[in-house]
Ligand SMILES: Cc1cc2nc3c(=O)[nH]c(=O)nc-3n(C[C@H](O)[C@H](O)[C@H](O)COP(=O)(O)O)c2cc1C
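Given as structure tokens, the chain that follows is alone and in the form predicted on its own.
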């Protein structure tokens, strides 16, 4: 991948766009729409501009590198499942029983020499051009502003390299970085991340923290940056394992941190532990804006780069996006490591419209009563799995987890109230739905049992229009209804409401219709279409705190509406990430995008 552009032309059907386009909204909107297509392609924007700042950039912008499964697999140069098998073999390695076993083991151990990053004594390609502190200007980089209400421009595919205070541990993380000025960046490392732990060490010691941010180079660096490795393990070990060659590192010019020799751009600097600045808002991968909060600030000391650098970026917002394919690889590769904690685990799947950490489906072999609930606690106690909000476990006879229709039927035909577990635990810092940050409700469903064998004799199924009419007699705030999976033991009824009060009151009003409702899901009418099941899963997984929003009487009810004071919720509720209509219209008129109303509605663009 020495020449990433040529590689993408040959292997990924790279689309090159030579039209001058703005880094504010225009380029991100094109990439956002492209990656939602079934045949999405990587994009190279050769003439990025910034109309507001009157800048014509000299470096192109590369986006959607992980455009689809095929491209992602080619980036790894092998199937993620093959990498998982390799990891599993290492985890199960045993002393050899005979001479041939010793030969096989020696071969495997010899290959392990390529895992460890190699520190070079000379400079790398990433340091061909060195910009001293006096001439540092972040405006020379085509940093994107993706959403209208973003707090500014953000580096979205930065490889953030940090080290512990004593220098014994190094970390690679993928964190967004807001451009505050020509010489400063906001460091959005969340409290649970390794970089944040290192930051605490420097703050306690009263020392400046060195940081080097790399952009570009081998796309595998980016994937390694988001890999959920245990604390203290350097992510570039994965690079060596997958590439079967050492990551080659060179020392930063102004600090002791080592970065890959072949990246395109390196931003070096220091973070003052005593200096914080408001960062955000930012339209994040949850599909919501994360709100303004104080985060550390990086003072840039120097910028180094190749002679002809390429600026890599990604766009985040509502699914599906390229993190779908990065997450698919992560899911496959880390299955063996998860099995070390949960050995009866067969497979797991994190749908992208569940925003990964908000929903997990897991297939397991049950050996005793309560086994699935034991698994729930195990999942919620393992590394980044601890951030998972909703976990559904199915038996080994379940269909493919990726077969959404079949697996939903399987779950609904086994759903019993007594097999639902609601508890509390740690949640992702980006989660907005719980009453307080970092702690919230978790939902576990045990669907590993035999299916229900007898339908409720009191249940009376009704046509959508008839049921809606009956509901509206009881509460006029209900404006739309659609039922799903009506031939299962637990049909789902989705209603859209014009919310004016707590939905607890509405659920109580619907008591007379309990014989025609098994599972009720409530969403806001102004931001949801009850016919759009893909985005409904996204909305529900994002919008509920299980300890507050799930009811069991007079039927199972899920309140997925936006919360406010009427719900006892006193935090600020964030807005959805929505495209700018004028920008879409302008791009459509130029023939740079081709979308219709069905596409807009399908993915909640406006």
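Everything numeric here is computed off the predicted structure, so don't read it as measured data. Positions refer to the first chain, counted from 1.
Just so you know, the form predicted in complex with the ligand exists too; it's not on screen, but the next bit is about it.
Participant: Which one, 247, 172, 394, 213, lies within 4.5 Å of the ligand in the predicted bound form by heavy atoms?
Facilitator: By the 4.5 Å criterion, the partner-contacting residue is 172.
Participant: Can you pick the one in 225, 273, 151, 309 that has a heavy atom within 4.5 Å of the ligand in the predicted bound form?
Facilitator: Contact with the ligand in the predicted bound form is made by 225 alone.
Participant: For the chain seen here without its partner, which of 259-267, 344-352, 193-201, 515-523 has a heavy atom within 4.5 Å of the ligand in the predicted bound form?
Facilitator: Partner-contacting stretch among the options: 193-201.
Participant: Is there a heavy atom of residue 235 no more than 4.5 Å from a heavy atom of the ligand in the predicted bound form?
Facilitator: Close contact exists here: in the predicted bound form, residue 235 approaches the ligand to within 4.5 Å, heavy atoms only.
Participant: Answer yes if any heavy atom of residue 314 is within 4.5 Å of a heavy atom of the ligand in the predicted bound form; otherwise answer no.
Facilitator: The answer is yes: residue 314 has a heavy atom within 4.5 Å of the ligand.
Participant: Indicate whether residue 176 is a 4.5 Å heavy atom neighbour of the ligand in the predicted bound form.
Facilitator: Close contact exists here: in the predicted bound form, residue 176 approaches the ligand to within 4.5 Å, heavy atoms only.
Participant: Indicate whether the ligand has at least one heavy atom within 4.5 Å of a heavy atom of residue 127 in the predicted bound form.
Facilitator: So residue 127 does not count as contacting the ligand.
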